[in-house]
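Before any questions on binding or motion, here is one chain by itself as structure tokens, the form predicted alone.
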């Protein structure tokens, strides 16, 4: 697939996955860590306008003088921006105007990509394509959080029951002690935080092939797992008590049965399905309760070729830190480096990750209290 086709396909998909929305769905922002669909459409368009057209197309004139302020996310070098918490307060530009903005930029971009452009520009376009795929994934996680607050329990579609993945059996995979190479190698795209291929020494370990199920976590709940401080980090213990946590995000109890909100509406929990929407704090506590631990990101990557993965982003016990020799990608506005503090690494991908956007060296990252991503728990024996 050539560059122009890749660009066209990813831009089309962003609009396609939002086709079922009503106009009212494009604007609300339920909490600071989610963004409205309309803002995502504008931001991903701004990325191409700012980093490609403004820098590489001679004589290019910005579509609108205020869109830099409205649709910049965290790029400090690009100037002031609307506060993240206020993205949902932007009733204007309208959805129609944002879509017109997308069409205008796409028209210029498609013509520009057909020209003889420098390799640096091509690499930034490829980064922009993967950046948009990140926001396609966030569209589903953000929409689910916003809709979960609605007592009507709206559904994205009848076939969007993405928690419906059943574990048939539990296997343990043994990995020998040794020195292993970590990080992205060879050709093909990767984000800057995957670079810095390096050696690590690992002791032998046993890792579970399958992820933790709802049934296992229900046992943790019934065994007063949320009431026993011994399983929790001090910060995690404070967090669950401050927020009165008694079960995972999106779970509710009706008539003494567990239900969960899904993108197909409210569904009764199937005990054999894979657990999802768990914070790092909860993942750690559950592992302690099972007398196991979470894998390091290095253990996960070394074992990945022998694992069944791709249904859930998987918490690791590793802090999000740079690899040896890491340098910030300043061409795209300090893309990942500025976030390397107070966050945990997740590995793999999930059911809402766009096709072709995952690889075993991919490093996702979130703060330990965040559970709205489609994530899960994989165990390693102590």
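Positions refer to the first chain, counted from 1. All figures in this text were calculated on a predicted structure; none of them were measured in a lab.
Same protein, other form: the form predicted in complex with a further copy of the same chain, not shown, and the subject of what follows.
For the candidate spot formed by 225, 261 and 270, no residue has a non-hydrogen atom within 4.5 angstroms of a further copy of the same chain in the model of the complex. Only one of 146, 214, 72, 210 comes within 4.5 Å of a further copy of the same chain in the model of the complex through a heavy atom, and that residue is 146. Checked against a further copy of the same chain in the model of the complex, the candidates 220, 112, 232, 139 yield a single residue with a heavy atom inside 4.5 Å, and that residue is 232. Contact check for residue 151: a heavy atom falls within 4.5 Å of a further copy of the same chain in the model of the complex. Of the heavy atoms in residue 338, some are within 4.5 Å of a further copy of the same chain in the model of the complex. Within this chain, residue 134 is remote from the site of a further copy of the same chain in the model of the complex, having no heavy atom within 4.5 Å. Residue contact with a further copy of the same chain in the model of the complex: residue 306 places no heavy atom within 4.5 Å of it. The stretch in contact with a further copy of the same chain in the model of the complex, judged by heavy atoms within 4.5 Å, is 286 to 294, chosen from 245 to 253, 185 to 193, 126 to 134, 286 to 294. Contacts of stretch 302 to 318 with a further copy of the same chain in the model of the complex, defined by any heavy atom lying within 4.5 Å, are made by 317, 318, listed in sequence order.
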